[in-house]
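Only one chain is included here, represented as structure tokens and corresponding to the form predicted alone.
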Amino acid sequence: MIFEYIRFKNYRPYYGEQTMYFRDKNEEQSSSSIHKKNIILIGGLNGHGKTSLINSIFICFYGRRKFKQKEYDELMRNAVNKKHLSEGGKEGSIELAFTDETGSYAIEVTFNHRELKETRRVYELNGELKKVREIATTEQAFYEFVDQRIPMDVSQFFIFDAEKIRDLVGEQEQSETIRAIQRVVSLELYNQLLKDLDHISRELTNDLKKQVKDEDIKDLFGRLEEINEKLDRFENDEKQVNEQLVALSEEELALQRERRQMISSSSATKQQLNRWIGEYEQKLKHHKDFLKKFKEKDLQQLILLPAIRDLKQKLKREKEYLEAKYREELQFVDYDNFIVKLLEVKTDPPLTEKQKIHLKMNGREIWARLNNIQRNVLKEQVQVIHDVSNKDYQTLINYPEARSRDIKSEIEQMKKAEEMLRRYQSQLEDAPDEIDTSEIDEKIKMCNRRLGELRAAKKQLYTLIRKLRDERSRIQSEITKKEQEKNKLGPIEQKIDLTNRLRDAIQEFIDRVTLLKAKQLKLAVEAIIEQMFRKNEFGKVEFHPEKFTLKIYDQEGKEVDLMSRSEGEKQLIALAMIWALTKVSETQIPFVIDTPLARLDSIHRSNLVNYYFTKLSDQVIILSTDTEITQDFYEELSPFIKKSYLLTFDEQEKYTKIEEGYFFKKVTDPWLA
């Protein structure tokens, strides 16, 4: 992998759009230099944007995965350039482009200051590094895309602050560091393969436990054969029963037909006539009894019924009239008392009786109008001719009335019964004896009994056959299912054996590769230490084949306490480990190193430049301050510099400018001069 460029748009100290290109393809093709130009030198004073540049790479590749939550929240709040914000802007972005064996890509991360959110896009680039298309991807797919190139946990070996990388010496025994080292040299991949094979072996063993055995299928086929034999037998019995049922049904029908013909061919017999005569005698007796009872009890009442009803109506009208009259008289009591007193008054000349009556009657009419007395009842004069008590009145009113009956119909039925009785009695003497059907009746009875038995047998056979058919279907399904499972699982024992042998082979391979990698690391570390350290105080070097930890011994064979070494020496040892990892892994990943020379003396700086940076990778991006790399060192490094940039913070404009060149205005390249 090679970084192509990084582009800032109003991101942190970088105002506007500024791009830093890390290589020029056209220049590479036309270059005639004998030196491998693999170094990009970026200079900048403290606070001029070097850390922002390194963080930009982490952000593009790993996002918030690489940072602590609080750290990344702070980064989000300050992601957009302040000058841009003061002008009303709200967004800033980073765009990192790189090329590997699969193509060229650009990862663009845009920050929105107001919403405090980021948007990530991935583009495919063409040969001129122009965006061809956006690659739609989920967050998980994007992280897989990145981890296939530089896994996050190994990024510490490729993008690091040299001031802090010395801590690797003390952290080399930590499990995270060991796992990262094994991942760099591909051992993690082999170990994962071993785990996958173990998982497959366990799955196959579980499948073996539930594998269908041939004996199980054989037992099912045996059970199926038994059921088929029973079904054949029961179905044959059912067929015979059906045939017997058909034959018996036809026989029963023939007997019934024969019996009906016998009965229909004969006239009425003496027995039948006697039975009919008896029946009509009973009917005639019933009719006569009814008429007799009617004559004795109901006839008289029925004759007097109109007179009784008329009497009841008259009694009701007289009673209603008397009661109305009584109620009216009650309303004239005061008047009667008044008129009696009035007529007792003597007049001159005295009133005649006629005058008194006339005065009394007219006065009553006037009294009625004045007192609003209704006299409608009295307007209908009813002649009261019955003087009965209330008890007698109730007795007469409730006197029972005879029910009207259809005597005519009863008499007609009696006459019909008398006529039929005379007819049957006249036929009795000449009638034949009764036909004997007992024999055929017995045959029909036997036939019906046998039919009942056959139908019960058929029902029982139907139940058994249905049950067996259901059982047969279930077993057939079970056989099919087991055979499918057996075919699906295949020869499990062979698979397990093959997996185990493969696992053993992988384990042996891993053991040998582990030893080989440890040996390679040992040789690589020895070589770089010998080249970088100015004094030959170290003896042999060991890399633990399981833990992958580094041990260095002095000339007397005693283990050197790495933590007791100076900060500069620990930094060189850590860089030696990284260099060794790079050689053993045979990967081509850009290195980004911040302030690598700060704590080193001139000899170690020279060794680091000549034996480390120039051989470490095809692309080594070095970030430095002005005091780390003096002009002499710059000239020493110059033949290997691909590009150089200077990060300058403009105090007036309040933003960092990216400019080509380094701290020194004129640089003499001794190799190209």
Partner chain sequence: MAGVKLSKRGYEILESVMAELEMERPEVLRLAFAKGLTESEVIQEIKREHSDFEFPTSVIAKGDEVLLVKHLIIDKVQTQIDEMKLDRLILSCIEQGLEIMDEEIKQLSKADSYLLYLIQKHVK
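Residue numbers count along the first chain shown, from 1. Everything numeric here is computed off the predicted structure, so don't read it as measured data. If you superpose the two forms and keep the largest set of C-alpha atoms that fall within 1.5 Å, you have the rigid core.
The discussion below concerns the form predicted in complex with the partner chain, not included here.
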Practice task
Answer with one of 383, 564, 86, 426: the residue that has a non-hydrogen atom within 4.5 Å of the partner chain in the predicted complex.
Solution key: 383
Problem - Residue among 516, 152, 311, 505 with a heavy atom within 4.5 Å of the partner chain in the predicted complex - result: 311
Handout entry: Answer range among 221-229, 141-149, 302-310, 505-513 for contact with the partner chain, defined in the predicted complex as heavy atoms within 4.5 Å
Key = 302-310
Handout entry: in the predicted complex, residue 408 touching the partner chain (heavy atom, 4.5 Å)
Key = yes
Handout entry: is_contact(residue 527, the partner chain) in the predicted complex, heavy atom dist at most 4.5 Å
Key = no
Practice task
May I ask you to check whether residue 392 falls inside a 4.5 Å heavy atom distance of the partner chain in the predicted complex?
Solution key: yes
Practice task
Determine whether any heavy atom of residue 101 comes within 4.5 Å of a heavy atom of the partner chain in the predicted complex, and answer yes or no.
Solution key: no
Exercise for the section: Could you run down 97-135 and flag each residue that has a heavy atom within 4.5 Å of the partner chain in the predicted complex? Expected result: none
Handout entry: Cα displacement of residue 152 between the shown form and the other one reaching 2 Å, rigid core superposed
Key = no
Practice task
Would you tell me if residue 291 moves between the shown form and the other one by 2 Å or more at its C-alpha, with the rigid core held superposed?
Solution key: yes
Exercise for the section: Note yes or no: does the Cα of residue 553 move by 2 Å or more between the shown form and the other one after the core is superposed? Expected result: no
